[in-house]
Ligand code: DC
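Presented as structure tokens, the chain that follows is alone, the form predicted alone.
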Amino acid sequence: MSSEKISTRSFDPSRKIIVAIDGPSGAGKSTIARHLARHFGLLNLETGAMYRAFALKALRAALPLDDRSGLERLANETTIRLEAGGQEPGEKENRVLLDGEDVTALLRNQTVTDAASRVSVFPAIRSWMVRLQQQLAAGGGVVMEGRDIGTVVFPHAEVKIFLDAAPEVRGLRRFDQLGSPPAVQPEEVIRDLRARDERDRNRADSPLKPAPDAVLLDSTHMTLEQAVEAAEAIVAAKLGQPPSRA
């Protein structure tokens, strides 16, 4: 990201702040992380996209998603890189490069999303991803969202937010994102989301849970605009800045 595109409200870069946003699927982490990055002049690094990219590679290789050894071998042959998106329309998301190929447009497929949840349960895969994520954000100045950023990847992040909402609400939000006409019914999306919650919250390695010092933000009864405002106020308070929607 060029210096010309950095927000005029950005703080002293020597502070190298890290904003960690964790939460379950469909909670709105990506949307809020993109807004916070633009508003506070930070880079937005979406770690979930990294897991989806690896899952895409496993699917392409027709590798069973419960083949731990096979997945570990595949990880050793995989490079994943994120390029920060710009601030112009159509440039908001990171570009995700899988072995040099831009696979960004392929990662919101439900099959890929479900596969990402399955491959992420293996400790060796998570350890590999954590190392990559720590390298990407080593210099600070980032918003990083995922499921274990505040607990495992960056436990000393200056700002930690755990974003949540009722499963039914998150499921309907995800259903609305699928476009029209959707290939599944809302009940199926909610059921799949509950299954993913179960895997994420109960896996042995890095289970989904709030960090002890995270600020809990439940958006069940909030509009997207209200949730964004609340997250912005949390970061502004940590930075000692008055919240601003300018």
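Computed from a predicted model, the values in this text were never measured in an experiment. Note that residue numbering follows the sequence shown and begins at 1.
Beyond what is shown, the protein has a form predicted together with 2'-deoxycytidine-5'-monophosphate (DC); the following relates to that form.
Stretch-level contact analysis of 161-169, 112-120, 98-106, 69-77 against 2'-deoxycytidine-5'-monophosphate (DC) in the predicted bound form, using heavy atoms and a 4.5 Å limit, identifies 112-120. The partner is absent here, but in the predicted bound form a heavy atom of Ala49, alone among Ala27, Leu36, Ala49, Leu217, sits within 4.5 Å of 2'-deoxycytidine-5'-monophosphate (DC). With a 4.5 Å cutoff on heavy atoms, Ile149 counts as touching 2'-deoxycytidine-5'-monophosphate (DC) in the predicted bound form. Although the partner is absent here, Arg203 is a contact residue: one of its heavy atoms lies within 4.5 angstroms of 2'-deoxycytidine-5'-monophosphate (DC) in the predicted bound form. Contact check for Lys57: no non-hydrogen atom falls within 4.5 Å of 2'-deoxycytidine-5'-monophosphate (DC) in the predicted bound form.
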